[in-house]
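Here you get one chain, nothing else, as structure tokens; it is the form predicted alone.
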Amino acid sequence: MSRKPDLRVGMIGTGFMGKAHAFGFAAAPKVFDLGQDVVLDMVADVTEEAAAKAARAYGFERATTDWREIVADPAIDIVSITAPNALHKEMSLAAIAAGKHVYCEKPLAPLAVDAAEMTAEAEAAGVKTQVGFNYLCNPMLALAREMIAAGELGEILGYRGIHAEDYMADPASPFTFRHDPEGGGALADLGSHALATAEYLVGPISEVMGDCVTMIGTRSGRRVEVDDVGRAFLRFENGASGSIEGNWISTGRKMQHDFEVYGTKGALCFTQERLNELHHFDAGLPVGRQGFRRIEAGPANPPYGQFIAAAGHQIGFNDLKTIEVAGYIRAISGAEPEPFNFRAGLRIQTLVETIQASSRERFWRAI
């Protein structure tokens, strides 16, 4: 069978997520049989030194200080955006207008109205889009979703989700783009992951009651207007209720992306800090035999086996990004639907803004 032409990638931004994107694009064709190769073509950053350093480190053929060169270059097929949140809209719209496929890190845009415009333009242009929510690519989350859908937990009654880290816990840490209102705050930055996981597992959220709190009011002498902690009570369309939290001042927490699902026949619990495990409680077992049982990820939980041939050896964060990229490449080739496109990203931003509005008004709000 003949292979499809190579896909050439231009990436904007070279920080933490830029490195993760570069790793995903480099690894995906090696881990999965995608029928085509991916070429890391051009990378952009704000200085020549940073761009050149990233090109050498990540394996890009070219470097530039002007992201518009990537968008305008006819050789580029995919524009990967890992720049600050406030720049996502301008960069995405320019790439879409140039007929490029766009892979944008979350949040898709600071405002839902902007995300809606980006979604409409992408759909009208017929380009394929992806928003970075790679925690959803964990085989253990796929298993949890399968168990819930199969009725193994019975009727779902309750859900609790949290994404907590401590990278903003120090009051002396500087003001960053994340503290700007266009940066979004903790609910948009971390709570968006908790919301995406909640809907992935339990289904659409129908109502929210939000509580967004700024605990550190000034940084670097500047007033902080965004939340350090964003929480919400949830009501789901299927009748379940629950809560989520996004928190970037949780001292000591590095990656607490956790969930608990409670049903009439059992329960599930998970923590990203042990992302190769899912714990299941079977209420049908006799008293004295009950308890949470650990399910350990292995080749029987696809696509784990694409990475490692034996259970217990574990996959990691960058492997989740590789799975995400592989799904996106298959979508570009037409082999399957987009895993988490701009419309899905718009949904999450709509949830975030509804929670923020609910917090201001101190009322329940329908989605």
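In this text, residue numbers run from 1 along the sequence as written. Note that this is a predicted model, so its numbers are computed, not measured. Between two forms, the rigid core is the largest collection of C-alphas that superpose within 1.5 Å.
What comes next is about the form predicted together with another copy of the chain, which does not appear here.
- Interface residue remark: T64 is not counted as part of the site for another copy of the chain in the model of the complex, having no heavy atom within 4.5 Å.
- Although the partner is absent from this view, E165 contacts another copy of the chain in the model of the complex, with a non-hydrogen atom inside 4.5 angstroms.
- Another copy of the chain in the model of the complex comes within 4.5 Å of no heavy atom belonging to C137.
- Shown alone here, R253 lies within 4.5 Å of another copy of the chain in the model of the complex, counting heavy atoms only.
- Shown without its partner, this chain lists E199, D73, E245, E121 as candidates; in the model of the complex, only E245 has a non-hydrogen atom within 4.5 angstroms of another copy of the chain.
- A single residue from the set E90, E117, E237, E277 has any heavy atom within 4.5 angstroms of another copy of the chain in the model of the complex; that residue is E277.
- Comment: 315-323 is the region of 44-52, 336-344, 315-323, 65-73 lying near another copy of the chain in the model of the complex, near meaning a non-hydrogen atom within 4.5 Å.
- Annotated contacts: R231, G266 and I295 all touch another copy of the chain in the model of the complex [non-hydrogen atom within 4.5 angstroms].
- Looking at 11-50, the residues that come within 4.5 Å of another copy of the chain in the model of the complex, counting any heavy atom, are F16, K19, F23, A26, A27, P29, K30, V31, L40.
- Remark: with the core as the superposition reference, the CA shift of R160 between the shown form and the other one stays below 2 Å.
- Core-aligned CA deviation for R235 between the shown form and the other one: less than 2 Å.
- Once both forms are fitted on their rigid core, the CA atom of R145 lies less than 2 Å apart between the shown form and the other one.
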